[in-house]
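The chain below stands alone and is given as structure tokens, in the form predicted on its own.
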């Protein structure tokens, strides 16, 4: 496979200023927990807890800072925040090249929002032979693309990867510079709207568990503020219960859509492409096992990908990036 390299790690440690900051005052922890979140449905869902003052009710003080996704990882690596919402694969990249973290809460897995989008006439991954695809090398959609080739038994040696920032992929596809792109929502959806006749040719729904979306915490903050972080986990499962109640759908969509300044009708497909995990569903995912059904197995696959494509040099101890104890404690208390 031909890869046009331009250094995907150029972002790390190059902090971009934070956007909107929302605070839920009245907590019991001495200093607010600073959490970065970005435009992904499983993370925008935190907005429900913010709007409803559930953090205040739980007795934990939290500042949520709104970032572009890559900027949120930069901010974490630079020590500006205590926790960041990342995919399990990107947490490994940030840890190897910037600052390690510990995943304490699995929000969801991508269920179609991450996709390979082909221009008109590109009907499948097989149609990309001898053509170009624009994607951000070393990020989750690169992994998704390669997984698609593997699952479809396609030799990708004739496909040229054009390294492209994810937020620029819609414009690159529209320009005709590439024949397909790989991106996550909202960029993948924007590409479909921008290029008439384009279509998804492989999505994360075809490989559930390849991309888990997780809250990753600074290990020092986790040790120092364990009780406070446990309260954050409790609020999350209150949010999940709210989202899973169909009677709340209209209100939930209104809250989520308002965070990203679109209509609830426009936002609904984004939510559908994100599988928010219930307590019952998340438990087996926290069990150590091989394969995509376990976050441990999924993270090993991401680590192997990162080393193979020289995102970082040596394999990581992926288990150190995961700690299910807070989630399991909260779920056990919920069952009483």
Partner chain sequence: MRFSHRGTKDSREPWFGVRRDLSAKRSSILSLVSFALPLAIWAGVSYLPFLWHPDIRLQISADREDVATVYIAGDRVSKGFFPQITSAVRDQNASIEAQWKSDDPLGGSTESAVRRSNKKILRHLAPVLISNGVIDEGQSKDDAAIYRAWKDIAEGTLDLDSPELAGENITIVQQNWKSMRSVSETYDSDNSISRPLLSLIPQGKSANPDYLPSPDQVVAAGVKIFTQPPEGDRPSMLQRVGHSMRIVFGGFFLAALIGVPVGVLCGTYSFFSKLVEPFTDFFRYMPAPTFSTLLVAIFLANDAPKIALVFVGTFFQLVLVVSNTTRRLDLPLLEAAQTLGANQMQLLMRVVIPGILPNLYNDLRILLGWAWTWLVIAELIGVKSGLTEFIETQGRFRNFDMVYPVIILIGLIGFFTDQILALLRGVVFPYTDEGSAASANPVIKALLFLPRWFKDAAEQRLPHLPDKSTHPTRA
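The model shown is predicted, which means the values in this text are computed figures rather than measured ones. Residue numbers count along the first chain shown, from 1.
Keep in mind that the form predicted in complex with the partner chain is not shown, yet the notes after this line are about it.
Using a 4.5 Å cutoff between non-hydrogen atoms, residue 233 does not count as a contact of the partner chain in the model of the complex.
In the model of the complex, the partner chain sits within 4.5 Å of a heavy atom of residue 197.
For the chain shown alone, residue 269 is a contact residue for the partner chain in the model of the complex, at least one non-hydrogen atom being within 4.5 angstroms. Heavy atoms of residue 157 never reach within 4.5 Å of the partner chain in the model of the complex, leaving it off the interface. Proximity to the partner chain in the model of the complex, defined as a heavy atom within 4.5 Å, holds among 185, 94, 107, 87 only for 185.
This chain appears without its partner; in the model of the complex, the one residue of 258, 163, 225, 111 with a heavy atom within 4.5 Å of the partner chain is 258. Heavy atoms within 4.5 Å of the partner chain in the model of the complex are found in one stretch of 208-216, 244-252, 141-149, 95-103, which is 244-252. Residues of 189-206 placing a heavy atom within 4.5 Å of the partner chain in the model of the complex, in sequence order: 189, 190, 192, 193, 194, 196, 197.
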